[in-house]
Ligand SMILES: NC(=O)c1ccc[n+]([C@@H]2O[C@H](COP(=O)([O-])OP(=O)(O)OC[C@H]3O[C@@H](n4cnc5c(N)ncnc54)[C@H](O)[C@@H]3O)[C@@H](O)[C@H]2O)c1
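Take a look at this one chain, the form predicted alone, written out in structure tokens.
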Amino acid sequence: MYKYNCLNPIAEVGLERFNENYVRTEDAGEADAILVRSAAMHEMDFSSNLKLIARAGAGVNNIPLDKCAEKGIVVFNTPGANANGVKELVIAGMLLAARDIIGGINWVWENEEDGNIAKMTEKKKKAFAGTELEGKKLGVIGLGAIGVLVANAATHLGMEVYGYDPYVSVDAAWKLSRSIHHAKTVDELYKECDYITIHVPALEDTKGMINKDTIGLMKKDVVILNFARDLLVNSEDMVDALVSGNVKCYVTDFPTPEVTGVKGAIVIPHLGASTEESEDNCAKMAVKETIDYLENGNITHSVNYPDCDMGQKGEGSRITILHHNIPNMLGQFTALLAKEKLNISLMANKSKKEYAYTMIDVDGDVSQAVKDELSSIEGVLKIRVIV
């Protein structure tokens, strides 16, 4: 019997996938798994019983990844589950930036009691005129699940699309429209495009990637869209660019004190993934990852451990070992199992920076003594035997 705890409301369509072997608990301290959306976890104490945290969404800034890794807690996210919802809002953002739809709607509200509003509309509407997206150049930085959808959708709007991603996956490349120009450098994209949208994670080398220097490479009156992470854009530099007119419009899904209220900034209250469909998809993927890890030991879409999949567990025992990525770990594991006369039928080992994961199927029962011996090997963080 496994116990799971939800720190935030998780869509029932996902939780319904848990069978009778899973029980929901309100006590996170006794849970095998925690499902979370945006709840802050950095100050939480994690029990030794906790095996995984599943984030129903892509961003994991609310989870202490290193702390979890050292405790042998695998952190999952759900990349792509909310991609369509974000894509649609990015397209909406481009339309809002191209034409002063918001200004026009506000004008109507302000003049709602004017009996001549229909006549006045014909005189005033020129103040809200804009441009069309067709024929404009769009630069998409990051061609992951969301970036690919945005790029492909923009081609159907008649835009000329430039894509940049030095680490684009084979799967993403197959999904990308053949009409998209592959920029060799991000600077090429900055110089060529009328609209630029960023879809990359917040890493040390991407934080503040949109700043006064990169804006200086862009066309005057460029439109910049940020539906990825607020930290990707230097807020002070963006405000300066909006005030000077170097950036025509900044559309962001992340309200900050610096940008909110600045002329030319369209600030949306983090609605990118706030659709029923996105929340359902994230919940279903998070639960699927949870079940596969607890029952089979497989890791898919982890952010602090390597992905590793040996399929469904067979009749024997499956040993899973979370450990530091240091030399001779496999040799120690196999030597110990050989000493205990446990035959290995299947084995997999994957590493990710300083952490690694080993899965071993054995013919026979694994005693508590064997588990204790494996746990005592220097560098081992957590042992689990699935029977």
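Each residue number is its position in the shown sequence, starting from 1. No experiment lies behind these values; they were computed from the predicted model shown.
The form predicted in complex with the named molecule is left out here; the points below concern that form.
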> So which of 256-264, 165-173, 106-114, 237-245 is the stretch with heavy atoms within 4.5 Å of the named molecule in the predicted bound form?
Replying inline: 165-173
>> Contact with the named molecule in the predicted bound form for Asn298, defined as at least one heavy atom pair within 4.5 Å: yes or no?
In response: no
>> Considering non-hydrogen atoms and a 4.5 Å limit, does the named molecule approach Pro201 in the predicted bound form?
In response: yes
>> Lys288 versus the named molecule, in the predicted bound form: is there a non-hydrogen atom within 4.5 Å?
In response: no
> Even though the named molecule is not shown here, does Asn82 get within 4.5 Å of it in the predicted bound form, heavy atoms only?
Replying inline: yes
> Pick from His270, Lys124, Lys191, Lys184: which residue has any heavy atom within 4.5 angstroms of the named molecule in the predicted bound form?
Replying inline: His270
>> Counting any non-hydrogen atom inside 4.5 Å, which residue from Ala145, Met218, Val223, Val150 sits next to the named molecule in the predicted bound form?
In response: Ala145
> From first to last in sequence, which residues of 221-239 have any non-hydrogen atom within 4.5 angstroms of the named molecule in the predicted bound form?
Replying inline: Phe227, Ala228, Arg229
